[in-house]
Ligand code: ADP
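Okay, so here's just one chain, in structure tokens, the form predicted on its own.
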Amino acid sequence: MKKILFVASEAVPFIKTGGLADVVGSLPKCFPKEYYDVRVIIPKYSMIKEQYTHQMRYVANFYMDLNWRQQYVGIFEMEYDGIKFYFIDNEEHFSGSQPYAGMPGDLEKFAFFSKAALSILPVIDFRPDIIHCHDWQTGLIPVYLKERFQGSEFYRGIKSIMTIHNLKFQGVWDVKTIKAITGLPDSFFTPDKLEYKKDGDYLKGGLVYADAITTVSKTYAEEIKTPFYGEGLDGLMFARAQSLRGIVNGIDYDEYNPETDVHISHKYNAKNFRKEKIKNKVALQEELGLEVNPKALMIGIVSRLTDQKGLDLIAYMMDELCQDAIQLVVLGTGDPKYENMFRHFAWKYGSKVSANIYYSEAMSHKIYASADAFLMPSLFEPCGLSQLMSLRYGTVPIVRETGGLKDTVEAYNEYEGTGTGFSFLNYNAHEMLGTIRYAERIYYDKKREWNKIIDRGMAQDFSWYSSAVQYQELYDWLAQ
């Protein structure tokens, strides 16, 4: 029986700000229980809903030294979906209305959390073979494990994995502050360890000291070895290439299932989508005040409205795109310039464009189920989940070939009759528009081909179980 411990700053259903929470909440339950004992540690934030805090059981508390002072560490536990979760309690660090307060406050919060996660292990009587750390918030765990915990019998031989969900966020601040917070000696702040352009860097520490590194797609694992995607750590990623592998994220196939989805008006599956899916489109056209036309090509966008998501390409081409026989439905919030751009075009082309500048889980499901195509022209995309949801709902993705988008969407080839979507390579607005228009042509002139693209897309398996198999291989290799 291998013992695996996930440590992260968020996990569904307790706390979620992004895709990280889906991974940490969904992946552990996909390992076979007879071979793997997988448990999870996250902070006990004060904004976790009462329905969960009522079920938590107090385990113990103690005081731990950090930053020259003794700090309270409370331990709570509960079982959810067959997985044991531990919650680290400390009012000073984890109260507040948001899990992240920004720098430099988060530096001390997550130094405390990382050290506490290691310190509670003997108390909860769980000695993992492998500690699986996620993103910069847990970057200090592999560092502390080597620097001060390996000395004791209990911790000796515990291995660590560092998973990068987005290399852009690293926990960087001046060395003096980080040294004071973490209590790490001077010898750790050199260019081959935690030093990053004269600052200190939590994530870099984790990447230097972890026994293995993963990221959330094979292509992103290659991309981050290059200066454009490497966020200043490309040299380190290149040096550690032997320890680095990409494993694509999954989605929860129970939650995202067009046959049982409570948010959509007409259920459908891979067999009957030709008749049933279109009814969702008509219902959404009516709801959003678009021209009701079952034949119109509807393109969906569900996204944070930021530069990373390629919205400058869309903004550049929006007027021209609206001349085509398409409808565009947008859902999301973000940069005001993009929010206002979509509002403007919804005003200008009312029957064609619907701008929904808010976020709603129900509306996102409706768009996945109603749209014919889904547009995602990202500048970079470590994994991306929206394209996986689109494939699941028989909505054809139109993506840029980067990161996880390249790994999960196979470009349509009309000569070989293969592919699950449409893609373009260069970060170029005209190239994007050309690809959208190619998709329009197939949709309007070769409907049978279009439906075969959907068939192939809906037959793909991007559930968490297929990711779990690859993590099992990594755990088995590391534990030996």
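Remember, it's a predicted structure, so these values are computed and weren't measured experimentally. When you see a residue number, it is the position in the sequence shown, counting from 1.
There is also a form predicted in complex with the named molecule; it is not shown, and the following applies to it.
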Inset, instruction - Look at the candidate spot formed by Ile158, Asp211 and Gln472 and say whether the named molecule comes within 4.5 Å of a heavy atom in all three of them in the predicted bound form. - result: no
Inset, instruction - Spell out, yes or no, whether the shortest heavy atom distance between Glu79 and the named molecule in the predicted bound form is within 4.5 Å. - result: no
Inset, instruction - Using a 4.5 Å heavy atom cut-off, state whether Phe87 contacts the named molecule in the predicted bound form. - result: no
Legend entry - Touches the named molecule in the predicted bound form: Tyr256 (any heavy atom, 4.5 Å): yes
Inset, instruction - Please check if Gly300 has a heavy atom lying within 4.5 Å of any heavy atom of the named molecule in the predicted bound form. - result: no
Legend entry - Option touching the named molecule, based on a heavy atom within 4.5 Å in the predicted bound form, out of Arg304, Arg343, Arg127, Lys225: Arg304
Legend entry - Contact residue in the predicted bound form, from Phe238, Tyr358, Trp347, Phe154 (heavy atom within 4.5 Å of the named molecule): Tyr358
Inset, instruction - Look at the stretches 97-105, 172-180, 329-337, 140-148 and give the one with heavy atoms within 4.5 Å of the named molecule in the predicted bound form. - result: 329-337
Inset, instruction - Could you list which residues of 389-410 come within 4.5 Å of the named molecule in the predicted bound form, counting heavy atoms only? - result: Met389
